[in-house]
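Just the one chain here, the form predicted alone, laid out as structure tokens.
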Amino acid sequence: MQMCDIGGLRLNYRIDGPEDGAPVVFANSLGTDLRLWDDVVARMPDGLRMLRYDKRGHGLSDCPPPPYSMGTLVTDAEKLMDALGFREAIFVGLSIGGMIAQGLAAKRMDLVRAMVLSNTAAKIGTRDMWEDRVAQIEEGGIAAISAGTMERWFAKPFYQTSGFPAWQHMLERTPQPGYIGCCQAIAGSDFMTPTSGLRLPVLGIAGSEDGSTPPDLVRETVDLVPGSRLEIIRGTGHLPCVEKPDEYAALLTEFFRAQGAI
């Protein structure tokens, strides 16, 4: 466990791989922490310097009171990468992490040379939808949305695995202010215009059973960037890196190799 003070906020992070490795940054989804990437990182080839972190309000990072804005979450990632020397990185973002990736690429192309947009979109849901979710949490805690979230996160077969309860626990133990703050950040975000102006290599990844960002939604966003491509991992929901890490890591490895990172 390592903490980085980015100016009044401490973010928990982990770096795997050699100091001279090609830089890669992973940003996780709403309601998860950096352990989301454990099985993928373990399957990646040698020669990569991989940074994972808990965004504000999640995991072991500081949890300031909401509201949060997407601009603030993007700035957090920017400051962390600057502090740790991650430049010209491949940025892998899942769900809200993919929104952070889009915002960061539009703001600091010196930090991001390629992106993996996984189970994400330029705009996710509606403001009313997110306000309803926040109201549910304020009334009944995160447990009130847990069952519905699991249905969107995972395909049915994963429910029978020994690992399933841990992910439900991770969601339910997310600090409530942090979860609400990130909901508010997503509600106010629309990257259609800035993402359509990006010119960099992009790989999109979708889960065929994803109830949060279905494949067509991911495709709509990925297609905004010329030359991008979309891969669909069958039989997975919103977190294919958890359900099928072998397939997920293979897609990343192929994309990284095409960028000359390995």
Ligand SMILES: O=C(O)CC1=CCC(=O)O1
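Throughout, we count residues from 1 along the sequence that is shown. Everything numeric in this text was worked out from a predicted model, so none of it was measured.
What comes next is about the form predicted in complex with this ligand, which does not appear here.
This ligand: the contacting residue among Arg152, Arg113, Lys107, Lys123 in the model of the complex [heavy atom, 4.5 Å]: Contact check passes for Arg152.
Of Met81, Ile96, Leu73, Val134, the one that lies within 4.5 Å of this ligand in the model of the complex (heavy atoms): The residue from Met81, Ile96, Leu73, Val134 that makes the contact is Ile96.
Flag this candidate site as yes only if Leu30, Ile186 and His238 all have a heavy atom within 4.5 Å of this ligand in the model of the complex; otherwise mark no. Answer is yes for this spot.
Considering this ligand in the model of the complex, find the one stretch among 124 to 132, 81 to 89, 160 to 168, 187 to 195 with heavy atoms no farther than 4.5 Å from it. That would be 124 to 132.
I'd like to know if Ser61 sits close to this ligand in the model of the complex, meaning any non-hydrogen atom pair within 4.5 angstroms. Taking the distances in the model of the complex, the answer for Ser61 is no, it never comes within 4.5 Å of this ligand.
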